[in-house]
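Shown here is one chain on its own, the form predicted on its own, set out as structure tokens.
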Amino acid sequence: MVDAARHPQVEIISYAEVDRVDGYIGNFRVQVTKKPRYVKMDLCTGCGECAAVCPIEVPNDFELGLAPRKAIDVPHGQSVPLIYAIDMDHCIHCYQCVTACGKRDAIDFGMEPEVLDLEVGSIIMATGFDNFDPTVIPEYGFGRYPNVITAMEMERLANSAGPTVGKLMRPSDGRVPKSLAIIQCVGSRDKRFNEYCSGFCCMYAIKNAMLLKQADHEMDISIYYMDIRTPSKGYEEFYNRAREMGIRFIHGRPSQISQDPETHNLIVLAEDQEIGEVIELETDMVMLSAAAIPRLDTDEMASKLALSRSPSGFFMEYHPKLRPVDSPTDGVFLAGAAQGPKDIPASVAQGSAAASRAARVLSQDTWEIEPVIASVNAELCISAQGKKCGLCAKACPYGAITVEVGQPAVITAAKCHGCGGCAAECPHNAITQDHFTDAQMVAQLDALLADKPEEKIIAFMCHWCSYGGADNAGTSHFEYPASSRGLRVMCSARMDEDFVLEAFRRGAGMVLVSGCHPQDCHYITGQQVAAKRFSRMERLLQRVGINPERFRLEWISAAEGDKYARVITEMDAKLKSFDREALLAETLAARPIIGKRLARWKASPLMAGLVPLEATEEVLA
């Protein structure tokens, strides 16, 4: 940290918060507010004389409340930069710190917040994680029993720079404990709280146990576990060393912890699955290995940077295998536990990878983007006519669209990722997507349904998942009927209701709309936009006179070739169960109703030039 602070090309902006992020890859504008320290950074030497005379003590967050700090202090002795700050929530303005600072004159009670506007080419999110609060698990007694502590509190108690100078003592009476129970998976691998495994808890529990055992060979240590997970290099050997040292491993999750009111000893009740019996263990202290959870401000930062989050709440990477440190927003990269729970070696490796990816951006004079982007026809956009709309901006997960009344919507090309959600969402057909225009989609429908359309299934597929699922079905040799005809778009968000209606108007027997699962969406919220749109499809089809059973919505991943084959097989069987003459009659009756509904869409200038949109009655006659 000191080397980074001294590096001529590195600027550390500490005690600050990010307010807003605008722009795009290579041209981000970041607004940062530096909070007032009430201590001048260029004059403070970090001597600590001000803290020594301060009369106010409050709980120290760095020591997890196990020790106090002063109203003027630094987070810890190795802080970078080592500059003191005054906590105005607790300062009584006695000015003893001013007197102690003397001629250095570093104290300034008149400081105000300072707003910085930064221009940067790339951003790395390395915001870490928070610890799960075990107080919501009443059976463990955390917060009620003083000798039930978390692993982080144990780290501080056993640390030579901690509140007890490395001497482990019971919080209840200061006595040195002779026995310790460690409970794993507190708040993780638990459907009540977090289903995921935090990954590093097994190893830090074993590490703490071994350090305590080395300091006191007579200490009795038991670790309660569901599964011991030691997957990395040297970890299994580390686990075996712990067993050889006499650390006991009990296969079972405790159901209850109670306290002896006189001795403050703790009684742990659990089932030992190895012997199939309920056991009761009395111990001096209990350490809870709490889950790693996303930081409380993760949702706020995700909104500021247009980042997606996984079901567990951590930031989601662009692709888990091929681009594991990239975020869905170009130029923003992920490092460390911000992306998911990981240990120190994995965090260091990902930090180096993120730095390398960011350097690719900073080393370029220009940056190429995909040509599949959206554009606005200013004449059709009703915002230019002074009317409120903004549906396109709401549908865009990247914040690439800005809408002002009296002006047409503006799409920043460098921020557009080409999901097409805006084009499908616009009720006035004012937006088109290059390479996947409405006219091109209709041209494909025209070709695919030119012959015996009532025998065909039109399958709209997203490029990244369901299209890959169809490809997987073929390469895996899964058999399914030849009645399906696929139309690829980049995202299910691009699939317009009008595409489905036009397919039925041209005589398609059935229509499938397919895309990725919610957690797999390549475009952050594209799947959610599509799911909301097509949840209305059944009612819409009923209004125009089409049997809703002729439409199906499915979410299929690229690995689910078997599911794609099964869906097409089921749809083909359903299609063959319909009476052909009744199907043709239904389509013919619905065509004028659908045609009337699509009249404005077909008349749009964006539809001109590729295909004649007047359907021929002879196709179905």
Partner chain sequence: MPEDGSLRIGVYVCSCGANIGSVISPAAVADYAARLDDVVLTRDNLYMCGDPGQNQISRDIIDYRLNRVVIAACSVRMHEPTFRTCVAQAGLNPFLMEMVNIREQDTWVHAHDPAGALVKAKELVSAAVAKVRHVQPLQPIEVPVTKKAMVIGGGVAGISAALDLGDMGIKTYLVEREQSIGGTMAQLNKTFPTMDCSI
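Since the structure is predicted, the reported quantities are computational estimates derived from the model, not experimental observations. Residue numbers count along the first chain shown, from 1.
The following text describes the form predicted together with the partner chain, which does not appear among the structures shown.
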The listed residue (L168, M301, I228, V268) that reaches within 4.5 Å of the partner chain in the model of the complex by any heavy atom is M301
Of H319, R175, H251, R248, the only residue with a heavy atom within 4.5 Å of the partner chain in the model of the complex is H319
- Item | Non-hydrogen atom within 4.5 Å of the partner chain in the model of the complex for each of D3, V32 and A470 | yes
ask   = Within a 4.5 Å heavy atom cut-off, is D61 in contact with the partner chain in the model of the complex?
value = yes
Exercise: D365 in contact with the partner chain in the model of the complex, heavy atom 4.5 Å
yes
Q) According to a 4.5 angstroms non-hydrogen atom cut-off, is P371 in contact with the partner chain in the model of the complex? A) yes
Looking at the partner-bound form in the model of the complex, is S347 within 4.5 Å of the partner chain by any heavy atom?
-> yes
Counting only non-hydrogen atoms, the one stretch of 526 to 534, 481 to 489, 103 to 111, 394 to 402 within 4.5 angstroms of the partner chain in the model of the complex is 481 to 489
When the partner chain is considered in the model of the complex, the residues of 103 to 135 having a heavy atom within 4.5 Å of it are L118, E119, V120, G121, S122, I123, I124, M125, A126, T127, F129
Checking the C-alpha spacing of E560 and S312, a student should find that in the model of the complex it changes by 3 angstroms or more, with the atoms closer
Distance flag for H319 and V372 (Cα, change 3 Å or more) in the model of the complex: the two residues are farther
